[in-house]
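Only one chain is given next, in structure tokens, and it is the form predicted alone.
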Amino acid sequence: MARTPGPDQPVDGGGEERPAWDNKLQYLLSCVGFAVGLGNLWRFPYLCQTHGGGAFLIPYIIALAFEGIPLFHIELAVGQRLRRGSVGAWTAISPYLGGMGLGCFTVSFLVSLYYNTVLTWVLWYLLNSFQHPLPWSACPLDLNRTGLVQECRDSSPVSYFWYRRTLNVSADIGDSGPVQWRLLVCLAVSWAVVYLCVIRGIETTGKAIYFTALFPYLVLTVFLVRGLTLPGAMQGLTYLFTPDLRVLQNPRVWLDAATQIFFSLSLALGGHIAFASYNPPRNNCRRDAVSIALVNSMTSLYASIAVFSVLGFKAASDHGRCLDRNILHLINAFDLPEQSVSRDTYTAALARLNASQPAQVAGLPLEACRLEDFLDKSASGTGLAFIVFTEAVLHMPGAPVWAVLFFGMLFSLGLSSMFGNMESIITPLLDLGVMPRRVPKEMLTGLACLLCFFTATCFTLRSGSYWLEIFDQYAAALNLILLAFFEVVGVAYVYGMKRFCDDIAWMTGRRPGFYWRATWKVVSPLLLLTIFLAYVALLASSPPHYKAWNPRYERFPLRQEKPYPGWVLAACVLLSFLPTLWVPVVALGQLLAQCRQKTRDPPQDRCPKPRGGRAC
């Protein structure tokens, strides 16, 4: 194992004075901005709703205590003590662990590609929000200008704007089609914004983070206050948090809670190690880990309340329009006076007519209008951001203003997360000296952003959204779980628990207690191994497939389920394990290098002959 600095030794930050945060608030906001991302807004509320409401918080809190916080503490402590990025830090612990840093670097690169593509879509919607009416509020006219576009009439204006006017998505992943130039321009603008913010590392991101980390909380508060005043908000929140303890018997609930904590804190990406490396060596990293993790979780709850107060309003509006359509059918069929049936009296009127004239009522095209059914129509990911919530915004007075606020918030959330992703890429490059010292950091950062931009252009093709789903599902999940497992094992068993606790005591003034030692040595490794096996079993339980938007599908506007072609499956497998392969490859390379060195060095006598004397 490589020699690492002991508790009383100074730490070399890589041969030159290491940059430092201007103040502690910059560091905390940067970590919060990196951890709090789009998943807090569009995945956690969905998991709460589908997994028993308030009951989901039980496995979530358990996973936070025994998986999230302990791993987070390790990353902050490693970065702060060794004052290097992910590659340099793990190589310093042991040359055999250098592949872990390269794995984190590779995953961060892959995640940055598709994460900033999502910001490209957000930017496109943000730019289209500065008009009234909003472009997704109505279907456009067809080419003959004699009617509405058939695809839009068969689906909805919101879905048509997303799938056709934004993505112009193909009906098959094999049909790549041409580059969508409007998305390519937005992609270039997104990467230009990222470059301007990270151009000089924490010197520039530390300034931008004041806005990008705090602005989403302001907008969430505005949405919460407005949402709670809308009709249906209380029904949405009641539906969200009503506990159903029976779901805790489902292993999928526990798996989703564990993976949500893991990905929400942005663990094993290397960003937190890089951020912590700019801290003073004596900073209390334990307190930082606990406070940032709690802020991240509380933000998820806060976002859930704001989101579902608005979605409750949308469900109540849809429920009301459903009742209005049924009321119109009753009035026309039975020649009832106008305004004789209201939403409040509809149920009683329907029961009365059904009792007196059941045959005629049975022949009417009445819909089943249940508020719970409309509350069930939520979604996660892009489905929530670009379809469900955008439709909800249409029903709010002053819709363009709310659309600008919503997509501005999403862009700000994603941008602060991109700061951490790019730091995970650039800091290891600087620590490794990939380019000569005379090359300015601004040029290295620009080359990294330019490479990411050109690589991400594949997501601007017509099949780009399908590939983004593949990257999201396969490039990060398994790799990050395995890398986190190697991290905790590397610290607890390679670096040594006693040495690590000595370092913590030197940095914070207090040795880790039983809780920390037990989670690092036993609980967290076992939990991560269990998550990995369960995740693999989940992927193997059903053949990989994707949902295509195909206007010719007989059940359109439902999306058509299609299996992945063989060449796409090969790409999925490659993405699933390529970053993690750095770990055994580097370890094997290090072993071979040492063996080769031993064979080259001449063997020395155990008892060398002294000068002017004889050997023993």
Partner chain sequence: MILRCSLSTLTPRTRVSLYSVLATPWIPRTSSSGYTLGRSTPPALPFLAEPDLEKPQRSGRSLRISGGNRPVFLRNLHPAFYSTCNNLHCTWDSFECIGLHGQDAENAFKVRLSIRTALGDKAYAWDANEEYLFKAMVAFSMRKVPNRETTEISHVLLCNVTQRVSFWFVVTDPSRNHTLPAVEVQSAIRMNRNRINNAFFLNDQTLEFLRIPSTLAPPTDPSVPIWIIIFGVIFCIVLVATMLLIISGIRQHRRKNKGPSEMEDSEDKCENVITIENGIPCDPLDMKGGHINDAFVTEDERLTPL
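The structure presented is a predicted model; accordingly, all values stated were derived computationally and were not measured. Positions refer to the first chain, counted from 1.
Missing here is the form predicted in complex with the partner chain; even so, the following discussion is about that form.
Across the options 102-110, 393-401, 144-152, 486-494, residues that bring heavy atoms within 4.5 Å of the partner chain in the predicted bound form belong to 144-152. Proximity of T229 to the partner chain in the predicted bound form falls outside the 4.5 Å heavy atom cutoff. Proximity of A192 to the partner chain in the predicted bound form: non-hydrogen atoms within 4.5 Å are present. When contacts are judged by a 4.5 Å heavy atom cut-off, D373 does not count as touching the partner chain in the predicted bound form.
The partner chain in the predicted bound form is not approached by K498, whose heavy atoms all lie more than 4.5 angstroms from it. Listed residues S340, T221, Q249, T242 were compared with the partner chain in the predicted bound form; S340 is the one with a heavy atom within 4.5 Å. Residue I199 is the only one of L429, L364, L447, I199 with a heavy atom lying within 4.5 Å of the partner chain in the predicted bound form. Applying a 4.5 Å heavy atom cutoff to the partner chain in the predicted bound form picks out no residue from 229-266.
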